[in-house]
Every structure is written in C-alpha cells, then in structure tokens.
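Before any questions on binding or motion, here is one chain by itself as structure tokens, the form predicted alone.
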Amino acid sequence: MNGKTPKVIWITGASSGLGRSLALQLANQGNRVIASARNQAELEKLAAQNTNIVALPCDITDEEAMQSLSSRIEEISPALDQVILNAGNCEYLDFPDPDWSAVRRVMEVNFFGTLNCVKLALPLLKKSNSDRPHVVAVVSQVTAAPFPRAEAYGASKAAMRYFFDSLRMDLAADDIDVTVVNPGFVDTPLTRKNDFPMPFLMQVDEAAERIVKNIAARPRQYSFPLRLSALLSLSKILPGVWQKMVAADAAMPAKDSGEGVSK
C-alpha cells in the first residue's frame, strides 16, 4: 500500500455504483474493507473480487438490526479506522399530484439511516489505533442549488451536510476527522434512471478514484467536478436565470422508479 498502514474501512451502499467502486479501489490498496448494503447477492459478488473485502449485509433503516450489527463488525475487527457513509436513495415529487410520503421515505434512508450508521460507528472509531479516525459522508452537489422535483432528495442531502458539518466540531476533541464529499452526476444504476440532462456526467470508477485520492488529505469538504460547482453557483448569483434554465425539467414526465440523482 505504498508504505501506508492498511486501514479497516466500513463502506455502506457498497453493492453497486459509487460504493462498489470505492470498496474495490480501497481494497486494492491493501485496506480491509467491510462492505454493507441490503443486496446480499451483489455484496458476495463484490467480495469474491478481492479477499480484502468482507460482505456484511444490512438495512440501515432497521434500528434493531443495526444494534446487533456492531458485534458482527467487531467479529471482523475490534475497531474501525474509517467509515464511508454512501448509502442513499432518491424519489422525485411529480406535480401537481406529488406523493408526499416520498419525502419521509427518502429522509428515512438518506438522513435517519445515515444517523443510525454514525451511532454504530463512533464507538468503533474511538477504538482505532490510527492517529485520527475518519468519517466520510457522501452527500451531493444538489445541496448547492434547487432543482425541480428534487425536494425530497435535496432536503435529505442538505440535512446530511449540516449534520456532518456540525458533527465535525463535536468530534474534534476525540481527534476524529469528518469529510463531506459532494459528487456531481456519476454514471450509476441510480442515475441511469434519470430522465433529464446530467451535465458533466462522470464514469463511476473515475469518480471513486477522485474521492479516494482527495479524502486522503481529510478536507472538510470536497466537491467535484469543479465545472458543475461553477454552474450551480448561478443559482445564488442569478437565481432568476437559474430558475428559467431548469424549470423545463419540471414539466418532463417522471419514470416509474423515480430514483437517482447524483450517485
């Protein structure tokens, strides 16, 4: 691993897309990766590709199941050095008759499910022998600008972003670093269901490579690609222009699944 000490890393949402690519790249560096998601079959396929990966299925929204998950992780390792909280979902609201219950469903996975992971991970991170354990939250650039139909997804990711920015302050005394990663559009099974243009769409392995490289420096925030960040800044500089640019998307018919924005 280029002279670096291997880490024990827990990754959620690892059965496909960005989480899967992150697990493979980090395992290829020699790290011990605990890969979690609901899809056990896909996790087992992932683990078969690298002996450094251990498949540990879980549903992050099931609080009772999460309570027992800690002991299952400790059977693999007594401590965690890094967690990458990547699990998430998206449903769109289609006006004039939106399914308002979608907001609760999305928040349950993206925010409250991630909160369950934090509660589980912190005691194990505090047992780490590394100099500074590391929490990485995969959020989204959607928090930088409003998008049509993305009320549920955007609100859940904005809540995540604030939560981890605040958590960083409370964990400073424990020497635990917190990084918020804000990807743009990445070509994954979720985003392939999107029915609108996705500027600066990135391949999943390239996106994962950027994340692995940049979180090594433990920045507070890492947003990419920069071209998308510059485009989204229009929403604050010229909000009226931004609204006219994206309003057409609101009139586009939604696909049945309604899932997938940026991961």
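In this text, residue numbers run from 1 along the sequence as written. None of the values given here were measured: they were computed from a predicted structure.
The discussion below concerns the form predicted in complex with a small molecule, not included here.
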**Prompt:** in the predicted bound form, does residue 232 have a heavy atom within 4.5 Å of the small molecule?
**Reply:** no
**Message:** I'd like to know whether residue 33 contacts the small molecule in the predicted bound form, with contact meaning heavy atoms within 4.5 angstroms.
**Reply:** no
**Message:** Taking the small molecule as it sits in the predicted bound form, is residue 111 in contact with it (heavy atom to heavy atom, 4.5 Å or less)?
**Reply:** no
**Message:** in the predicted bound form, does residue 133 come within 4.5 Å of the small molecule, counting heavy atoms only?
**Reply:** no
**Fill in**
Heavy atom within 4.5 Å of the small molecule in the predicted bound form, from candidates 26, 53, 60, 208, belongs to 60
**Message:** Counting any non-hydrogen atom inside 4.5 Å, which residue from 191, 77, 179, 116 sits next to the small molecule in the predicted bound form?
**Reply:** 191
**Complete:** Given 163-171, 183-191, 123-131, 94-102, the stretch touching the small molecule in the predicted bound form at heavy atoms within 4.5 Å is 183-191
